[in-house]
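Consider the single chain below, provided in structure tokens and representing the form predicted on its own.
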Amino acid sequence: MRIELALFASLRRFLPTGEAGHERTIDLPDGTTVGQVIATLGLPDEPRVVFVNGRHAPDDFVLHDGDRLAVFPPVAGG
């Protein structure tokens, strides 16, 4: 299956090599979960916000062909 992966802010450096920007199209085996993608990319083990197709998704969420996975680092502000 093929998904769109978007990593934001400090997480951009973990994108697979390729074009500039914060998004990539990646190929994954069927049944891959959000947590497996995060582990494969080597993202730091810290709080993060994860969306699949614009909705919050837990690490055990199973991705499907055409999904858009977006991962944000923690954000603070006032």
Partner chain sequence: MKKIVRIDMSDLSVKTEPLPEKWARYGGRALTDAIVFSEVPPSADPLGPENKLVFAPGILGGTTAPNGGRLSAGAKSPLTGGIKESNSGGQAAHALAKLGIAALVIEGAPADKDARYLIKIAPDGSVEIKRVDEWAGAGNYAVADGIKQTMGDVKRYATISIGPAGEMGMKMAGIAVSDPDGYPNRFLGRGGLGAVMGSKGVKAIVLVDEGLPTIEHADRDAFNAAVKKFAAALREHAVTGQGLPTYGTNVLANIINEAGGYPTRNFSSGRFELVENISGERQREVTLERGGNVKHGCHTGCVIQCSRYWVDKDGTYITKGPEYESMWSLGADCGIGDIDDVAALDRACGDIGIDTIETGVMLGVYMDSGRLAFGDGKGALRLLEEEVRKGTDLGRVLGDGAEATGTAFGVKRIPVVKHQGLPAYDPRPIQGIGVTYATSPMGADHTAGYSITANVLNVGGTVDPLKPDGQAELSKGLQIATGMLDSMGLCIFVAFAVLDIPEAFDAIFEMATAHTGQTWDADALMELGKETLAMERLYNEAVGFKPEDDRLPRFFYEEKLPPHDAVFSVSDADLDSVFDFVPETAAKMGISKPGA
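Every value quoted in this text rests on a predicted model; they were computed, and no experiment measured them. Positions refer to the first chain, counted from 1.
Although it is not shown, the form predicted in complex with its partner chain is what the next lines describe.
**Student:** Going by a heavy atom distance of 4.5 Å, is residue 25 a contact of its partner chain in the model of the complex?
**Tutor:** Because no heavy atom of residue 25 falls inside 4.5 Å of its partner chain in the model of the complex, the answer is no.
**Student:** Since only the chain is shown here, I'm wondering whether residue 70 would be in contact with its partner chain in the model of the complex (any heavy atom pair within 4.5 Å).
**Tutor:** Output for residue 70 is yes: heavy atoms within 4.5 Å of its partner chain.
**Student:** Could you confirm whether residue 49 comes within 4.5 Å of its partner chain in the model of the complex, counting heavy atoms only?
**Tutor:** Result yes; residue 49 sits at the interface with its partner chain in the model of the complex.
**Student:** Just to confirm, residue 12 within 4.5 Å of its partner chain in the model of the complex by heavy atoms?
**Tutor:** Contact with its partner chain, yes.
**Student:** Output the sequence-ordered list of residues from 44-76 with at least one heavy atom within 4.5 Å of its partner chain in the model of the complex.
**Tutor:** Contacts from 44-76: 48, 49, 51, 53, 54, 55, 56, 68, 70, 72, 74, 75, 76.
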